[in-house]
Structure formats: structure tokens, C-alpha cells
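Below you will find one chain, with nothing else, as C-alpha cells; this is the form predicted alone, and questions on how it binds or moves follow later.
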């Protein structure tokens, strides 16, 4: 089983949802980067459960321990290992479901592939695995900000059929985090809160879309064939639990335009390089960043674990019914925001280091 991502900035996550701990090993982080546990903790606090009534009630502090690769507050250039210990695991809550296949979960497919599975909360298929990604993403964000001035901001753009209006030129993380559901449009945020409350009360769940912008990305990141920047972004974001769709720039809506409408005309920039009048390309052309903001969206399905009774089968292929127990988010979108930002940062920093290794400018 591969649990690694990246080429030069490479991460390897480990741990299960109800095991002793989860974490990540980061290889390829440049040396002499100032780094403290607080830099990482800030991002983990945005991801952790139990933040408010819109997230799972599982109570985890998710305190990070940096156990290698940092000395006197700076990175050494050696592997950085970070660990978060599970404190509120309740594997017994899954005892009644160990022989059942939960609808739309990885239970059956994992067992079909490996012949064994950890039925306690989904094991590696749990969203708790993303702690390692978010921790590593904090390092990637710091490198991008200090080396390139890059800013990555994600937000909840839609839940069910409630859509937010967001100005991607001015949106900030502070404005996103003002909302309990991480939707910066106050009217949409209030309606989303109401919809999530209603879904939770009836034992159901909701899905939606997370939008993201990366501003200040230098031109030249990405490769023109198989390692196109948008292809690697899609791979990274579609590896997140519950993700079901990816768009960049105009996405599928661009198919409704003609060529003359969709093409991004070049104009002289005040900074001495070309800019585009529009950004239907979403900051990537020919698989390579063009210096404009990278705009993308990720679709997340409704949380698979719900209290409503569903049809399923057991390991003996006998028909059964299941009303799931446990502690789960009625909507994954609010906590998916820092996960999306982390995967975007990890992809961009890997391509930044790869570009720097071959760049002649």
C-alpha cells in the first residue's frame, strides 16, 4: 500500500483512526527554515474534530510532536517526523459493524483488495489520516510564503444547493474562519448552518464544494506532459477522503463558451511580465503556471456514515440493515477546507523545488 506523495518534497503518512497515533514523515524540506510546533498546530486546530456543533463530537486536541529534523528552531534538511497521538478513540463503537459493509465506505473494497481490514472507524480509510497531510502542508505553506510570497485560501463554496458568492481576489483566511462553517458569504453561511443542523437532526448528511485560490504563484511551475500542474493538483485533491470531483479555472462551465470568449488575452504587466485580462485557464496553461491566481474547486460527497437505516450485506453476503453508530461529521465541508489548502500547498511546493532544480533564470 502506497502512503507517499511528492517527488522532491515527499511525504509519507501513517496511522489508523483508532490506533495509537497518526502522523507524517516529510523528506526533502529545505534546511534552515524556521519551524516550531506552533506553526503546525495552527493548521491542525483548524482541522481537528469537536470545533462546534457542525463537526463530529469526537474530542481530540490533536497536539503535534515534532520528533526529528528540527534543531534550535530550524529545519536540518533531514527527514521531519511529526506525530499526533489519538486520545478519544472508541473502537468499541464499531463492534456491531465489524462484519457488515457500510454503504459508500471503503469496507468492502479494502477487504476485496487486501483480504483484511481494520473495522475500527475505517482504519487508513478514515479522514483522520489527513492529520499527516495537514501537518506537512503547514511546512509547505511556510516555504511558499517565505520563498515566493504565495498565499493559499480555501472556503466552503456550496453545501447541498446553497451557493456562496465569493470574491477570489480579496478573500482571506480570516474572513473564511469567521464563519463556523467556513463560508465567507454571511447569508449563505447562515443558510448552510441551518441545512447542516436539519440534516444532523434527521440522521442524514450533506455534501458540497470547496473553492480554493492560490495567489502569488510564480510562472513556470509544472510540466508540459504527464506531470502537468493541474493534473498533479487533481491527483492530490482527489486523494482526499470523500472527494468526488475536481475543476480548475472555468472547468465544465467553460465548455459552454466559444474559443474567442474563453481565451485569456495577454496584456502587458506593470511587473515586467505578461498578464492575462481574464483567467478562464485558472492560472495554468499547457500544464505550467502562468503567474495568475490558480483557481480550483473540489466536490465532496455527503458523509457516508449516517444514522438512518440502510440496506447492506455482511461478510457472508447475507442481506442486513445498518443504522450506523459512532461520531461523525454531518457535513465534511468545513473541516475539508484546511485539507484542501494543505494538498494545494504540498503540490505547489514540490513543483517549486523541482522547477528551482532545473531553472536557468
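Residue numbers count along the first chain shown, from 1. These numbers were taken from a predicted model, which means no experiment stands behind them.
The form predicted in complex with a further copy of the same chain is left out here; the points below concern that form.
task = Indicate whether the candidate residues 158, 161 and 205 are all in contact with a further copy of the same chain in the predicted complex, with contact defined as any heavy atom within 4.5 Å.
result = Affirmative, all three are within 4.5 Å.
request  = Have a look at 223 to 231, 181 to 189, 166 to 174, 148 to 156 and name the one stretch with heavy atoms inside 4.5 Å of a further copy of the same chain in the predicted complex.
outcome  = Careful reading of the contacts points to 223 to 231.
message = Is residue 339 part of the interface with a further copy of the same chain in the predicted complex - any heavy atom within 4.5 Å?
response = Contact with a further copy of the same chain, no.
message = Taking a further copy of the same chain as it sits in the predicted complex, is residue 117 near enough to touch it, meaning that at least one heavy atom pair lies within 4.5 angstroms?
response = Heavy-atom contact with a further copy of the same chain at 4.5 Å: present for residue 117.
ask   = Does a further copy of the same chain come within 4.5 Å of any heavy atom of residue 129 in the predicted complex?
value = Residue-level check for residue 129: yes, a contact with a further copy of the same chain.
ask   = Do residue 48 and a further copy of the same chain share at least one heavy atom pair within 4.5 Å in the predicted complex?
value = Flag for residue 48 set to no.
query = What residues of 245 to 262, in sequence order, lie within 4.5 Å of a further copy of the same chain in the predicted complex by heavy atom?
reply = Sequence-ordered list: 245, 246, 247, 248, 250, 251, 252, 254, 255, 256, 257, 258, 259, 260, 262.
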